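Read on for two forms of one protein chain; each stands alone as C-alpha cells, with the labels structure 1 and structure 2.
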Structure 1
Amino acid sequence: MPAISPRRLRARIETLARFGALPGGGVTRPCWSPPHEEARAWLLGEIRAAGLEAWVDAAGNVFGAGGVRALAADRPVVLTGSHIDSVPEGGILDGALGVLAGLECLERVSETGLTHRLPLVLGAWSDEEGRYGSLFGSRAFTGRLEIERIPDMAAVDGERLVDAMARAGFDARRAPEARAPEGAVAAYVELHIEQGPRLEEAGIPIGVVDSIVGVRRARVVFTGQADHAGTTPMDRRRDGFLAAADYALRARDLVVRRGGGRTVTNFGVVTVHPGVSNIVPARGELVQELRSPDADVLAGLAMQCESLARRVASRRRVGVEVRPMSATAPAPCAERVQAAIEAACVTVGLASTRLHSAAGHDAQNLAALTDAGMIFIPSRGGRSHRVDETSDWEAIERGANVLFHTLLALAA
C-alpha cells in the first residue's frame, strides 16, 4: 500500500521551524514579516524541487501543483493545505503540518505514478492567524474579503496591512484579485493538529471534523477620567481599567452560563492609558474574542456582551465603545469529505471519531466555496499557541497517510 515518506516530512517540518525560531523552542513568524517571507521563499523552492509547479497570488497565497499552472473553472481541482504564519511565541506545527504534509502527499503521488482524475493542488494561505485580518488569504481566495476595509486593516499594535504587504512586495489593494474562478475547486481537505486535549485523552488517533467555530473579535474601550492616584477619593474615581476588568469577569460568566458548553471567550489584549502608577487610568481597552460552532449562539452572545458592556459602563460612570474588528461564520464540514476521511482511516487501519473544531481555520472559508473538511491528529497535552506545542512523530505520520488516501479518493 503506498504511503508518505515520514523521514522527508519530518525533515521539512524541522527546516521550516528554523524560520522565526526562538531560543527556547517554538517560532514567531507573523505573516509578511522577514522570517515569514524567508519561509515563503523556502517553501516555493521545496515545491519546485518536488517537481511541481509553484505560484503566488495577489493575496500572498502560495500554490503548488503537478501539471496545473493556475486554477480554472474548466478543470476543478482537489485542494489541500493550511498556513505557515504563526502566532507570537507559537509552536512549529500549527498550520505548518497541513502545508508540508500536503506537499509530501503531492510529491508521493508524483513519485508513485498513481492515477487520479482531478488535479491535486497545495495551498498555503496568508495571515491565517489574523495579525491584520483573520483568515485573510483564504477570504480573498473565496471572495469573502471586504474590499473597502483593506485600507483600515491593522494589527493590534497599529501596523497597517497595506504597509506590511508593501514591505513584502505586495499591493494589498490587489488582494481581491486572488478570488478563485467559480467551480475551480472540487473539494478541500486540511490536516491540522487538534490544538486541544480531546483526541489524546480518548486515545483516538484521528479526528474527523464535522464543524468549525465562528470567531468574532471586538475592541471594547472604557473611557473614564484621569486623576491623581493619591489624592482622589475612591468613591469619586472614574477608572477606565476597573470598568474593563469588571466587564471581563462578567462577560466570562455570561458566556459560561449561556454558551451551551461549546462557546468560549478570551481577553488576550489589555491596554491601560496613560499607564502610569500614580494616575487613575483614564482608559481601559480590551480585545475580546468569542468562539462558537453555533451561529445563532455566537450572534446572540455578541449582542448580550455589548449590552453588558454598556451596563458596566453606566454603573461605573464611564463611557464605552464596542468596535467590531473581525468576524468569521461557523461552518459545517461536507459529509462527502468526512466520509472520504473515514474511509481512508479504514484503509490504513486507524480508529477515528467525529468532533467539532474549537479553533478557526481556513477550511471554514473554503466551505463556502466547495465541499470542505479537516483531519485532526492529537496534540500532546492538548497544547497549542505556545512554544511547547507538539505532536508525536508517529501521530504526524498517521495523519499524513490519512490525508494521502483521502486526497486520492476525492481526486478519483
Structure 2
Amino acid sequence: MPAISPRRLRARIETLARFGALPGGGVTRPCWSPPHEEARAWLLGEIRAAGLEAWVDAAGNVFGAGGVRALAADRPVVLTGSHIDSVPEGGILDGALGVLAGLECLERVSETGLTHRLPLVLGAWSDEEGRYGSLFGSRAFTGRLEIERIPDMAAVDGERLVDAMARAGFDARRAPEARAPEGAVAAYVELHIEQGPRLEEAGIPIGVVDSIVGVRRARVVFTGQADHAGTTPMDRRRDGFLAAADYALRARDLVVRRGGGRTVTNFGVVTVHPGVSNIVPARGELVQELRSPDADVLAGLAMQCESLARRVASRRRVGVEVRPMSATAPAPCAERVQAAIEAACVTVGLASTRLHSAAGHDAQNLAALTDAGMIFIPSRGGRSHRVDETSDWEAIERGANVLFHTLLALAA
C-alpha cells in the first residue's frame, strides 16, 4: 500500500522550523516578516524540487501542483494546505504541518505515478494567524475580502498591512485579485494538530472535523464615575472595573451552563480607566470572545450575554455598551469529505472520531466555496500557540497518510 515518507516530511518540518526559530524552541514567524518571506522562498524551492509547478497569487498565497500551473474556471482541482505563518512565540506545527504534509502527499503521488482524475493542488494561505486580519489569504481566495477595508488593516502595534505587504513585494490593494475562478475547486481538505486535549485523552489517533466554530468578538464597556478612592463612601462608588469583573464571572458561568459543552468564552483583553491606584475606575473594558460550532447557540448566547451585561450594569448603577468587533459563522464540514477521511482511516487501519474545531481555520473560508473538511491529529497535552506545542512523529506520519488517501479518494 502506498504511503508517504515520514523521514522526508520530518526533515521538512524541522527545516521550516528554522525560519523565525526562537532560542528556547518554537517560532515567531508572522506573515510578511523577513523570516516568513524567507520561509516562503524556501517553500517555493521545495515545491519545485519535488517536481511540481509553483506560483504565488496576489494575496501572497503559495501554490504547488503537478501538471497545472494555475487554477482555472471550470477545471476543478482537489486542494489541500494550511499556512506557514505563526503567532508570536508559537509552535512549529500549527499550519506548517498541513502545508508540508500536503507537499509530501503531492510529491508521493507524483513519484508513485498513481492515477487520479482531478489535479491535486497545495495551498499555503497568507496570514492565517491574522497579524493584520485573520485568515487573510483564504478570505481573498474565497472572495470574502472587503477591498475598501484593506487600507485600514493593521497590526495591534499599528503597522499597516499595505506597508507590510509592500516590504515583501506585494500590493495589498490587488489582494482581492486572488479570488478563485468559478468552479476551480472541487474539494478542500486540511491536516492540522487539534490544538486541544480531546484526541489525546480519548486515545484516538485521528479526528474528523464535523464543523469549525464561529467566533464573535465584542468590546463590553462599563462606564461609571471616576472618584477619589479615599473620600468617596463605598456605597456611592460607581466602579467600572468591579462591574466588568462581576459581568465576566457571570458571563463565563452563563456560557458554561447554556453552551451545551461545545461553546466557550474568553476575556483576554481588560482595560481600566484612568488606571491610577487612588482613583475609582470610571471605566472597565473587556474584549469578550464567544465560540461555538452551533450558529443558533452562538447567536443566542451573544444575546443572553448582552442582556446579562445590562442587568449587571443597572444593578451597579453604571452604563454599559456592547460593541460588536467581528463575527464569523460556524462552518459545517462537507459530509462527503468527512466520509472520505473516515474511509482513508479504514484503509490505513486507524480509529477516528468526529469532533468540532474549537479554533478558526482557513477551511472555514473554503467551506463557503467548496466541499471542505479537516483532519486532526492529537496535540501533546493539548498545547498550542506556545513554543512547546508538539505532537508525536508517529502521529504526524499517521495524519499525513490519512491525508494522502483522502486526497486520492477525493481526486479519484
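Residues that one form lacks are left out of the comparison. What you are looking at is a predicted structure, and each value in this text was computed from that prediction instead of being measured. Numbers follow structure 1, counted from its first residue as 1. Take the two forms, find the largest set of C-alpha atoms that superpose within 1.5 Å, and that set is the rigid core.
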Chain form predicted together with a further copy of the same chain, by structure number: 2
Hey, with one rigid portion rotating against the other between structure 1 and structure 2, which of Ile92, Ala39, Arg139, Pro330 would you call the hinge? Pro330
Once the larger rigid part is superposed on C-alpha atoms, how many degrees is the smaller one rotated between structure 1 and structure 2? 14
Once you lay the two forms on top of each other by their rigid core, how far has the C-alpha of Ala244 moved between structure 1 and structure 2, in Å? 6.3
Rigid-core-fitted C-alpha displacement of Arg216 between structure 1 and structure 2 (angstrom): 3.3
Which stretches of at least three consecutive residues shift by 2 Å or more at every Cα between structure 1 and structure 2, once the core is superposed? 215 to 292, 294 to 329
